[in-house]
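Shown next as structure tokens: one chain only, the form predicted on its own.
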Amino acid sequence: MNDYPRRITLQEWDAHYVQLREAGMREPPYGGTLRRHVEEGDLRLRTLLFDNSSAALRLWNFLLTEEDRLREARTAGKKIVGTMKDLGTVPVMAYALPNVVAFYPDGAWWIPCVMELSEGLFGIADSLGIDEAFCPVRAMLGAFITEAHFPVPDLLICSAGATCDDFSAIAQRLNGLGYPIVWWEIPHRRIPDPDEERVELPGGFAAPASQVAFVREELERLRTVLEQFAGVPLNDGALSAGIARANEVRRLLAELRQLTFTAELCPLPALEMLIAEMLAIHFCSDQAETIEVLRELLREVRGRVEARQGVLEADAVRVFWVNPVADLQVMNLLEDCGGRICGTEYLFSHALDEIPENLPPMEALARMALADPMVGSAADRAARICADTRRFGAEAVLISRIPGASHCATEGIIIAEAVRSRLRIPVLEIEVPPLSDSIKPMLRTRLEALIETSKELRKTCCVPE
């Protein structure tokens, strides 16, 4: 069925789904209407706009059925690892083992948005002494207590050290509640001294060889933990194969991002791109299916680019988005105001970079872990954001501050100053709560101002090369 690309409401998807089925659409076992997720409590879907392709439908259904997959995995006798905070490192190791599934309980931070606060997770966190002064990831505490959103993992692994202060405090509270955690340390990445051996990392950063060696030792310790947990060896051969599978996901995403962010007409909306990028972190609890979902999405985008079709107006302003937004609806709002996403940095860019396959696997994983933008300086992060903004030709940068997040207090200023001084393009900082309805008019006004400013600049200058 050929239907011109566009964003549609949930109500429009109801009829569109019937048309796709009548036209012969084939669905995976977790397929079905988006409407059923609302009936299961995902109320925010009622106010979102969605891409109208069958590939996007598969993507959304894949995301929203992760809990089902985890419970099915447990029923099938598989072991579940909860990997926390490192966003992309330990899952590569876990998925190199047979009969092991890994996921991030951190993802619970979006539950209050998706369920429009109907689940009561913040209230539980409040009762445990983790109030609204903390990042929305505090919802994770309530998810563990209720066991209503994912099964309690058989093993919990969490990175500590150069990580978000909020998350560290929340994870420690979880550990104190009787959910034992295996901790591993990631040091603050620093610039090597002149007399130190220097190691180049994925993504363009560098670190002292001593730091890489330290992280490798920490990951070796985790290898022993995972081997004992799974009851099978996690040798270099298995790790290399696991890295190769992870890199297949990353290569698919690299092409998808390049095509989507640089196309003359936007071939895929911001929300679907956000979800696609998130799959790199832990494969939504099914690595093989992640690859199939991304392949279908990439086929759709290739077709639209070749046909010169897009989902937004041709003059949409190209915006680089920094930090994941707490309320998904705001990404729709940017597009409603005349913007399009052309570049992102959602705190896990190291999970999008390919892992070196020409190194011993533990060395490669250590380098990848140290490439995390959040374990280095804000200046390092700003430098990469500027480079990627230039690479994708973005005309403005939007920084979404996360309420209560300790790292958002100062880094936004550093990033904004770097962008203004190096690229001379507009920058806007906004703070978005899990539900933004009450401040939507203010957000719209500020986003419209960013778009109008960018359009005015088009008349007087070119985007820096």
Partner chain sequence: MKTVVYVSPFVPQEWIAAHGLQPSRVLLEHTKRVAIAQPAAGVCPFARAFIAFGLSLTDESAIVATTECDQMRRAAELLAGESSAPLFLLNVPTTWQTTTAHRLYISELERLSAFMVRLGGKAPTKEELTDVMLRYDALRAEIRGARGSLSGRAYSEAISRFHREGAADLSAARAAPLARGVPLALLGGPLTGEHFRIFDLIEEAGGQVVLDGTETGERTLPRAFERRRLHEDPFPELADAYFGTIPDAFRRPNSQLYHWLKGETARRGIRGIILRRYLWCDTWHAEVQRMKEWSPAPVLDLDVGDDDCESRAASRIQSFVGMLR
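Since the structure is predicted, the reported quantities are computational estimates derived from the model, not experimental observations. Residue numbers count along the first chain shown, from 1.
Beyond what is shown, the protein has a form predicted in complex with its partner chain; the following relates to that form.
- This chain appears without its partner; in the predicted complex, the one residue of 127, 262, 240, 146 with a heavy atom within 4.5 Å of its partner chain is 127.
- With the partner omitted here, the residue from 253, 199, 312, 160 that has a non-hydrogen atom within 4.5 angstroms of its partner chain in the predicted complex is 160.
- By the 4.5 Å heavy atom rule, the three marked residues 133, 187 and 377 all count as contacting its partner chain in the predicted complex.
- Remark: residue 348 does not count among the residues lining its partner chain in the predicted complex, judged by a heavy atom distance of 4.5 Å or less.
- Of the heavy atoms in residue 227, none are within 4.5 Å of its partner chain in the predicted complex.
- Its partner chain in the predicted complex comes within 4.5 Å of no heavy atom belonging to residue 306.
- Although the partner is absent here, residue 173 sits close enough that one of its heavy atoms falls within 4.5 Å of its partner chain in the predicted complex.
- Looking at 386 to 394, 215 to 223, 276 to 284, 358 to 366, the stretch with residues near its partner chain in the predicted complex, meaning non-hydrogen atoms within 4.5 angstroms, turns out to be 215 to 223.
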